[in-house]
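Shown next as structure tokens: one chain only, the form predicted on its own.
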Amino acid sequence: MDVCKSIDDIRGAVKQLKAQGKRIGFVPTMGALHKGHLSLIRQAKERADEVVVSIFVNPEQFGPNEDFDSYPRELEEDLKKCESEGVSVVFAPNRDDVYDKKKYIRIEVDELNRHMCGGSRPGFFEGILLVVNKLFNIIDPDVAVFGQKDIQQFQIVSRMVHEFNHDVELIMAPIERANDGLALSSRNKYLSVEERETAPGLFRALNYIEKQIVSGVDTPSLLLKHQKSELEAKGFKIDYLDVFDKKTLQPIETLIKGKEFILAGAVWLGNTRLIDNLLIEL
């Protein structure tokens, strides 16, 4: 497995693979790899001949009071996991390799970031698009795999690929969960033992709401309000819990048959922010 630190090195490694006629799969990550990341790598392996993984904690997607400095960094362990999964190349650049000290050009997002995580994390998706756009330009993959847990990210990146004419196929891989239903996340490391026992409550609330919607509830506002109260009683602080149109990412008051929706929530449990979602097709 090659480990590339510079843009020239990763471009050279990918160019060599492509010269051999290899189809390149790409999995962008911020490291601290867990089983969810490994499932993305396996999805990429199913759709490509060789897999490239990037490991880069992207400063542009962290707000001034967020956890950039404390975000888990475990490069040596991450490299071992990548190698065991048969990854061909890891791109692990430093900040100065990716960004100039002064940037004159930025990417803006309209409408798609007004709600869900974009509503409470200004600049978050602009930072994601900035780095994903760079990584696509640097690596030039044939297929890229993202996780459903970050479904708003996937939908916005999909729009960027369409509008910027990137020649890459996007795959959204299912959420990997612990046995009790908690969506796997690098930030789960922040949870105390007691918080970890409570954390699956978000997934259970989403499951309950989904069952009621599938059973015929088409105006879920009271249902959502009740589940928010239940979660707050268990110690969660609600960021959002709502049903959104899958395409526009706008909140939906009345559900219409024949359409797809995202039932999504973000909560704080102590100092840890948890997100989760379910796709609903009526």
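Bear in mind that the values here come from a model prediction, so they are computed numbers and not experimental data. Numbering starts at 1 and runs along the sequence shown.
There is also a form predicted in complex with a small molecule; it is not shown, and the following applies to it.
Only one of Asp140, Glu210, Glu176, Glu195 lies close to the small molecule in the predicted complex, with a heavy atom inside 4.5 Å, and it is Glu176.
Here the chain stands by itself, but in the predicted complex one stretch of 200-208, 73-81, 106-114, 149-157, 149-157, has heavy atoms within 4.5 Å of the small molecule. When contacts are judged by a 4.5 Å heavy atom cut-off, Gln227 does not count as touching the small molecule in the predicted complex. Although the partner is absent here, His34 lies within 4.5 Å of the small molecule in the predicted complex, judged by heavy atoms. At least one heavy atom of Leu184 is located within 4.5 Å of the small molecule in the predicted complex. Taking the partner from elsewhere, Leu223 is found to have every heavy atom lying beyond 4.5 Å of the small molecule in the predicted complex.
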